[in-house]
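Listed next as structure tokens is one chain, alone, in the form predicted on its own.
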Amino acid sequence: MGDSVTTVVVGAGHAGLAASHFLRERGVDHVVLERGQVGNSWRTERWDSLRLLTPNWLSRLPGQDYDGDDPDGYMTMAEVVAFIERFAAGAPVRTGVNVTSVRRTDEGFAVDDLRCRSVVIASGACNVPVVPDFGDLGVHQVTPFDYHNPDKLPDGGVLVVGASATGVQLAAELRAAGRHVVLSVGEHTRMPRRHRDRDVLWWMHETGLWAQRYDEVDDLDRARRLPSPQLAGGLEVDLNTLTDAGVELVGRLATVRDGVALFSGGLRNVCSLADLKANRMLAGFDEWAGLTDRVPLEPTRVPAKPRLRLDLGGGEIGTIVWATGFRPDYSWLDLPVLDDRGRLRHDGGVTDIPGLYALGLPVLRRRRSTFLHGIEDDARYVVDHLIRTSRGTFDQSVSEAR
């Protein structure tokens, strides 16, 4: 029989530490288990030049605001790690503990040899890169987890697959380093860095769009699967700036056949749709501000005849960067709590297994759930639910009012 605590939190990133913050505040004994170091993903699974997408003035955690001298800047990864490390002070974190099993017991759960009454899963939403299986393509292949900087890649051109925040940032960096870059563009979310001389995230924050609750979102399943917006920390990066820099745009990668990458012919359509949605969002900001004139984005400039084929064995491309998304890893969960796509079933962080909770997932309780400043409301609610349910006093209406 191993040790026991009331609650085990899996993951010592900002979400798990936020849970610990409120558990400590409410006097609940608990432990936070972390496979690596505090903020491990920020330390080991990011490329060298990455900066936080949110400006510093908006980067905060429960009880800890940004207090540096550059409120309009964007943190480097080293600065994010330092920010999270400071937040971890006083939290009961056990590092270097790789959880391999969580199962039910008569009293609650067994997390490996550790017994507890409740578990908070805060292990992240981006544990495993999603890469289509085309087998050996004869070129070097990397995911954002493997990519560090252009110098680490073999010589030659680069095919970047995926045009979310990661894809456009890596395409821009590689092109700036002098590489020939082809960017495969599927469905994407266009978002300008600034609108009317303010950071676009200021508009998201002030209009309340980011605070929209999960149960008020029309298509929640889709909202939770949307590509991350085409943003970069402090830089304007979209398909037009990439085109200006010399990046070649092609359509979505449909398949690879006999060593030839085949692209969809729908590039113009997906770009038009992204432009439409971006302008609709900006118009909503203007209406909130009482502004009647409009400042539409320049339409995405799509090549007249984007090529549909690329011979991967022809020497033009030396590396493929798969910026095709991520998925969480729940292989250690021995509980019937996943849907047929392997996603965690939950209602605002509360699973249908009593005592099992989640934090840090997209649109968990608010649109801002996965961002640093978005964790406070989510963690407070989940911990409140956990405590009140364990005491048999949970009242949904009271908790929702918090």
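Numbers for residues come from their place in the sequence shown, where the first is 1. A quick note: this is a predicted structure, and the numbers were derived from the prediction, not measured.
Although not depicted, the form predicted in complex with a small molecule is the subject of the following passage.
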Hey, in the predicted bound form, does residue 53 get a heavy atom within 4.5 angstroms of the small molecule? yes
Does the small molecule get within 4.5 angstroms of any non-hydrogen atom of residue 356 in the predicted bound form? no
When the contact criterion is heavy atoms within 4.5 Å, does residue 57 count as touching the small molecule in the predicted bound form? no
My question is simply whether residue 229 lines the interface with the small molecule in the predicted bound form - judged by any non-hydrogen atom within 4.5 Å. no
Out of 386, 12, 23, 379, which one falls within 4.5 Å of the small molecule in the predicted bound form, going by heavy atoms? 12
With the small molecule left out of view, choose which of 105, 149, 269, 98 has a non-hydrogen atom within 4.5 angstroms of it in the predicted bound form. 98
Considering the small molecule in the predicted bound form, find the one stretch among 302-310, 274-282, 326-334, 250-258 with heavy atoms no farther than 4.5 Å from it. 326-334
Using a 4.5 Å heavy atom cut-off, are 46, 126 and 166 all in contact with the small molecule in the predicted bound form? yes
